[in-house]
Every structure is written in structure tokens, then in C-alpha cells.
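Form predicted alone, single chain, as C-alpha cells, below.
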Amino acid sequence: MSTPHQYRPYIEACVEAMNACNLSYVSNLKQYDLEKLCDCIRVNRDCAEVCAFTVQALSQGNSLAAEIAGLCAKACEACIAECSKHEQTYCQDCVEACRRCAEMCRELEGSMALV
């Protein structure tokens, strides 16, 4: 059985991405050109929610951790693609946090698929 302790680096990456997505989401809502940022706002919110769910699942040692990590990686990759279109610092910070999280989640997904 998996323990939350073994997932710690993955949980930390997900929390970092979740926080960056939430910051980007809130910061985008304060911009004047909301129409231009509509997709970014939606993707930030979706990604933050998936990251939060992943943290919860990994913390509980969920038996579907590999599949959930794969979903988190997909959400982060979508967030990277959208935030990369915007020059705001918080969007670029979100790209970096989501890149790290996606890499970690892909690693976890791959390592668990071998088991």
C-alpha cells in the first residue's frame, strides 16, 4: 500500500502549481481586458481544482494515484499552453510551476504503471 510520505515531492509540486494557478486566476480577474483572458481564467481554475484533488488523493494513498497523476499532468499541460500566451509575470510563474508539476506527475504515472 502506498503511503502519503512517499508521495511528498509530488504533493509539494501539486500544491505549488495549485497556488500559482490560483494566483494567476485571481490576478487575471483584476485585469481590464477580461475577454482576452477568459480562456486563461477558466484553465487556471480547472487546473487548480485538479491539482487540489490530486493532493487529496495522494495524501490518502488512493489506489488510482497513477491515473489521477496523469489527469493532473494533462491539466497542467493545458495550463502551460494557455498561460504561455500571456506575458504577465504571474502567468509565466504559473507556467513554471505547472511544468514542474506535470513532469512530476508524469514521472509518478510512469513509475506506477510499471508496478
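Start at 1 and count along the sequence shown; that's the residue number. These numbers were taken from a predicted model, which means no experiment stands behind them.
Not pictured, yet referred to below: the form predicted together with a further copy of the same chain.
a further copy of the same chain is not drawn, but in the predicted complex it has no heavy atom within 4.5 Å of residue 91.
Taking non-hydrogen atoms only, residue 74 approaches a further copy of the same chain to within 4.5 angstroms in the predicted complex. In the predicted complex, a further copy of the same chain lies within 4.5 Å of some heavy atom of residue 56. For the chain shown alone, residue 68 is a contact residue for a further copy of the same chain in the predicted complex, at least one non-hydrogen atom being within 4.5 angstroms.
Although a further copy of the same chain is not shown here, in the predicted complex the stretch 15-36 places heavy atoms of 15, 16, 18, 19, 22, 23, 25, 26, 29, 30, 32, 34, 35 within 4.5 Å of it, in sequence order.
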